[in-house]
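As structure tokens, one chain now follows by itself in the form predicted on its own.
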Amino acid sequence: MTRIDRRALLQFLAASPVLAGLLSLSRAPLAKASNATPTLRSAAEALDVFELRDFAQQVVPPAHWGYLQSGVDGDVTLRANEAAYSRYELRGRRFVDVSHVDLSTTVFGMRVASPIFCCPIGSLRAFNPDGEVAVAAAARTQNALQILSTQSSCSLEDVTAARRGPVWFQLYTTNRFDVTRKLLKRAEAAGCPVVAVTVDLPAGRNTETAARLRREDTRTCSACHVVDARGNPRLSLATEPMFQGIDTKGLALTSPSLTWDFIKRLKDATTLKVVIKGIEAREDAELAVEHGADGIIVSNHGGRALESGRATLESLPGVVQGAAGRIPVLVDGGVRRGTDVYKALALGASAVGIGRPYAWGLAAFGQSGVERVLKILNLEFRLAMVGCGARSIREISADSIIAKG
């Protein structure tokens, strides 16, 4: 090939949406052997979360892998969540005594080992038989915060017992407030201090990647799930642990008719702190404070709600501005490195959630896999603090990061 031909080929490849999508889906190290898929004998051998991801993909059926990895539409927002962190650089500092670095923090009175928490993911038994219980056991050993999904495949009581302490409860609003009230009362009885009410998915979503990978699965889905006429999994709340003893006829997880009045109803119905999960705009942060919310989680459902193309990290500063220090602001979405955690905290987050990474660990090695993910991210986070001269969470500030361009 001539030099011009090679240049034209490289320009074509750079412009290719397929190649761009593949590149943006991973921030794994460039130096990998030609047979890139890792063969791990234990979770302890994993060097980063990407090795656990690659290993997990080997053992998880295609349909289940699609459920975990899918965003919505063209997965643009999913990729944006991850890519946003690369647009910030860390500003290293020297001659700071970092012989003692404290990662611990307090969130709503709960002292945890680090600001990294496990986000709610439903149906985790699709990746490991112990599901959410294994995550809780890992959260216990690492003293990490765990938020349990309404669609947990393990009961709240079993998860709390495995955690040997409180977990937060993620609440889908449902379309019947009597059911919502029952879920809240059950969370209170289990000792949950906080309910994180999800508001970013009011009327369904289009998960193309999940549907595409489902085509590759040779199993009969109806052996495990209720399926529709096309063979696609269909929601069956009656079989889920959190809905045992509840009449689920006509029940939907969400309602498109909700307004801010719902937060007041929620506050009146429970003693739990109410955190709104799914806020992305400064104006909504201001309204959240106005309507009595106790906290906010900046989230776009891991790129699985609105195909906005906007990363949660990009939304974070505006939400922090809207909250104006009156309530804590947490964030999730796209976190793959401990440096990502540092950057989110520098932009004003009080704590930072992970989802897919700990699910990769769970799928690969169960409880020990989740523990390994938390250890890896906390190590990377600690090293970022050391390099930037931050000896505690409160010493992390916007002065220690630089936005590119």
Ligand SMILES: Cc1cc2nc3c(=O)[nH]c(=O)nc-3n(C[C@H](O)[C@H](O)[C@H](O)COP(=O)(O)O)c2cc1C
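The structure presented is a predicted model; accordingly, all values stated were derived computationally and were not measured. Numbering starts at 1 and runs along the sequence shown.
Below: the form predicted in complex with the named molecule, not depicted.
In the predicted bound form, R356 approaches the named molecule with a heavy atom inside 4.5 Å.
Heavy atoms of G334 reach within 4.5 Å of the named molecule in the predicted bound form, making it an interface residue. In the predicted bound form, the named molecule lies farther than 4.5 Å from every heavy atom of V341.
The closest heavy atom approach of T209 to the named molecule in the predicted bound form falls outside 4.5 Å. Residue heavy atoms within 4.5 Å of the named molecule in the predicted bound form occur in exactly one stretch of 47-55, 376-384, 343-351, 356-364, and that stretch is 356-364. Only one of N128, T198, T180, S114 lies close to the named molecule in the predicted bound form, with a heavy atom inside 4.5 Å, and it is T198. Site annotation in the predicted bound form: the residue of K273, R163, R214, H301 reaching within 4.5 Å of the named molecule with a heavy atom is H301. Applying a 4.5 Å heavy atom cutoff to the named molecule in the predicted bound form picks out C119, P120, I121, G122 from 97-129, in order along the sequence.
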